[in-house]
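The chain below stands alone and is given in structure tokens; this is the form predicted alone.
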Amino acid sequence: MRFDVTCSPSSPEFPIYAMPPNFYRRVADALADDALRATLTRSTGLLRQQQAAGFADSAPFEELQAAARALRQDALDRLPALLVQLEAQARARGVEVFWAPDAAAARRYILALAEARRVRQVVRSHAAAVEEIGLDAALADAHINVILTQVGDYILHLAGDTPSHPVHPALHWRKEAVTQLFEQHLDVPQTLDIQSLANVVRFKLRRPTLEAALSVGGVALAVAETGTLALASGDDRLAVASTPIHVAVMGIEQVTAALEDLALFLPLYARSAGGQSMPDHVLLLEGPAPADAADGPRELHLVILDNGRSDLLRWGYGEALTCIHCGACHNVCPVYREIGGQAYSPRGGGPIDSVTLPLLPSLPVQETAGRWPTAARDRRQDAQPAAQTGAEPRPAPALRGAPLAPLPHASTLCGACSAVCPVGIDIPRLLIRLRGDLAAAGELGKRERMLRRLYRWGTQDAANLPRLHRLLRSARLLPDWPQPASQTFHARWRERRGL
């Protein structure tokens, strides 16, 4: 990927972060990094405080959570009809709508559009759906410059790092390291003032952003009744205003029925993500800008992405699709705070991703391993509309993200994620079900299956547990397993009660 700023990926101070293929290796690496864990603990603690303060002057959180959950579930129940309505309303307002059944189709459409318009520079805003389709690698392979507008994404690019959080991708970076990074790559004086660091990035990106012909971003929510696209990121504002062509990518689940729903979801997202009563900037796109407008895109394209989401609905995991990507579950998860999002997958992850990543199609290895890999360009072909979602749930889903199969076990099932989720997703229940589906599908490795059988034997009888402990310690399978108590709880209780 080519940027206006010259980077030095071989620098020993900021090495390229290759993603180890094995989940357990990535976890071990994270647990051995005391600085990473300290940074994650401090950063997530600050975000939790901001979230609590954000809801201090609002309606009771439980009431907002129940209302949001009901609206999101209603949208999923009526998803095919709402999507058809959204398409009709958007087309009536001059929006080009493309149905992308998978990530490859979405990439093909955007690449074909860029080639047809002879675009050589693309502005990309921070959006989960855009990152999901692997667009950066495809654009780089087509020799198209990519400008990342989000400060966190820009930091990760300079460092050759990968994201750790859905809202704050560089959450695991300390400001001391960022200022060293900027001094090395951007030739700017060191400063620990966070606003100054952000202004450096905005200054560097201002000119190339204004010179770009096409911008690509995500959608917070799309309104079916009006065809309105709600963008809630400040990074989108300049890109959308200055580029003549804008492409908005949304998952099929990111639709809501009525415009008034935004009055609930936008403040709910802002409070959950950073404690603000409203997002810094909200942009409502209702079609291309008129010819006499001072700014705004003259072409507006909407890519509606399925990429396995219909299957999640059929398999009974549709509740996970009600997520509004605020990152609140990441901030309270004790596992995430210890290992960070990078241990989950090359695209990052957290509690909700432990449900979705093993079930959704994964990008090819060459698109996710390493820093900025190159993907083969796809030949353009017509895409079909998203699959219908009304089928009965299937008991045994096809687990397509096999390398990510251990993720459902990266949880203590403490329930903290569900308590803070603004739409009340019962993540522990979904994880328990997925663990069973993984076992039924044979996704557990030999080591895991052996340990499960041994654990079942060891817990069937109190006398077996010390024997199991000695066996596993001597075989160095679980060398750190604490010594079991000499008595069972019931025996100690009877002894203390004199029974």
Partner chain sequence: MKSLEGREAILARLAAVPAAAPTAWPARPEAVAAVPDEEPDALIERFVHALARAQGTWQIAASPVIARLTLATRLQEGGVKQVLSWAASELPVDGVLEALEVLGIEAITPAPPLSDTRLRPQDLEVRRRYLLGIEGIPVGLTGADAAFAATGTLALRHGPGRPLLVNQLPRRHIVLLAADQIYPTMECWLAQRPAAASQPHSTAPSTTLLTGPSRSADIEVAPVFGVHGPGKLHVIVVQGR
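Numbering follows the first chain given and starts at 1. The model shown is predicted, which means the values in this text are computed figures rather than measured ones.
Another form exists, predicted together with the partner chain; not displayed. Remarks below refer to it.
Residue-level contacts in the predicted complex: of 257, 128, 142, 188, one residue has a heavy atom within 4.5 Å of the partner chain, and it is 257. If you check the partner chain in the predicted complex, you find a heavy atom from every one of 100, 213 and 266 within 4.5 Å.
Here the chain stands alone, but in the predicted complex its contact with the partner chain, taken as any heavy atom within 4.5 Å, falls in 62-70 among 25-33, 434-442, 62-70, 449-457.
Residue contact check for residue 403: none of its heavy atoms lie within 4.5 Å of the partner chain in the predicted complex.
In the predicted complex, no heavy atom of residue 324 sits within 4.5 Å of the partner chain. Under a 4.5 angstroms non-hydrogen atom cutoff, the partner chain in the predicted complex lacks residue 419 among its neighbouring residues. When the partner chain is considered in the predicted complex, residue 290 lines it closely, a heavy atom lying within 4.5 Å. Residues of 205-231 lying near the partner chain in the predicted complex, listed in sequence order, are 206, 207, 210, 211, 213, 225, 226, the criterion being any heavy atom within 4.5 Å.
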